[in-house]
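One chain comes next, on its own, written as structure tokens: the form predicted alone.
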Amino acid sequence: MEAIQERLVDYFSRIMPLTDAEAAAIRASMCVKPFPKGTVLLREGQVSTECYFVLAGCVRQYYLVDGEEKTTNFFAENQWVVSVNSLTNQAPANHYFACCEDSQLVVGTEQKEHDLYKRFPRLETISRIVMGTVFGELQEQLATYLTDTPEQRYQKLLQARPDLFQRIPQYQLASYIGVTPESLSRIRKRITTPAGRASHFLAEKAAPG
């Protein structure tokens, strides 16, 4: 367990070198909890009081739209799980966080953060950088949904996070990309088979502009 807990310290150290005292304070304040697959960390309508750092496992974000789950994100190792608006503004969340694998998460609260900041002000600077990264990822994800085709979203996901294709059920991946499972199967076939790649290449060359 000690080795896996070092992931958070290593994560912060990559942003800004930590003193021994800062690293020790992070370890001492760290609350690591196991969450079985299927655990719902946050429900629509709840006010978020916690943020999470994924040491192991995977957490899915989704919305309920007319009773159907619409997946919008997956958070795996070394990623933050934060309901930014709900946590910051103490507003009811409009989405869900649920563990799609057995997970080991660092659980953080606002009070714990403030206690650390009082003792080690530099950690607040690191925290602001982290939140900037989280905001940047959210903006990039929104841009992808607005500008990319489902096939482009699939290709980007395959390039950036290939491990998810071995860890996540196809129907959840399809929901994330914005297609039905059947359409996802067709996209996969077009991209992964030689005939499909050739057809896709010729179609792109023939496209106007």
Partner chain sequence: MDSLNTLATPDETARQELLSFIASFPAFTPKEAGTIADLIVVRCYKKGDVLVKEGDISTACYFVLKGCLRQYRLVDGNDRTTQFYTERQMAALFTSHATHTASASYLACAEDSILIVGDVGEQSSMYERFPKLQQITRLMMEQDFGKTQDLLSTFMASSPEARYRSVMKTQPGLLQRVPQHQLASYIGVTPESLSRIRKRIVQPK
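Positions refer to the first chain, counted from 1. No experiment lies behind these values; they were computed from the predicted model shown.
Although not depicted, the form predicted together with its partner chain is the subject of the following passage.
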Checklist outcome for this item: Picking from 160, 40, 28, 65, the single residue whose non-hydrogen atoms come within 4.5 angstroms of its partner chain in the predicted complex is 65
Checklist entry - Is every one of 32, 77 and 79 within 4.5 Å of its partner chain in the predicted complex, counting heavy atoms? => result no
Checklist outcome for this item: Assert contact_stretch over 180-188, 162-170, 56-64, 32-40 against its partner chain in the predicted complex, heavy atom within 4.5 Å, equals 56-64
Next on the checklist: Please determine whether residue 83 contacts its partner chain in the predicted complex, using a 4.5 Å cut-off between heavy atoms.
Outcome noted: yes
Next on the checklist: I'd like to know if residue 140 sits close to its partner chain in the predicted complex, meaning any non-hydrogen atom pair within 4.5 angstroms.
Outcome noted: yes
Next on the checklist: in the predicted complex, does residue 114 come within 4.5 Å of its partner chain, counting heavy atoms only?
Outcome noted: yes
Next on the checklist: Residue-level question: is residue 176 within 4.5 Å of its partner chain in the predicted complex, judged on heavy atoms?
Outcome noted: yes
Next on the checklist: Within 4.5 Å of its partner chain in the predicted complex, counting any non-hydrogen atom, which residues from 125-150 show up?
Outcome noted: 125, 127, 128, 129, 131, 132, 133, 134, 135, 136, 137, 138, 139, 140, 141, 142, 143, 144, 145, 146, 147, 148
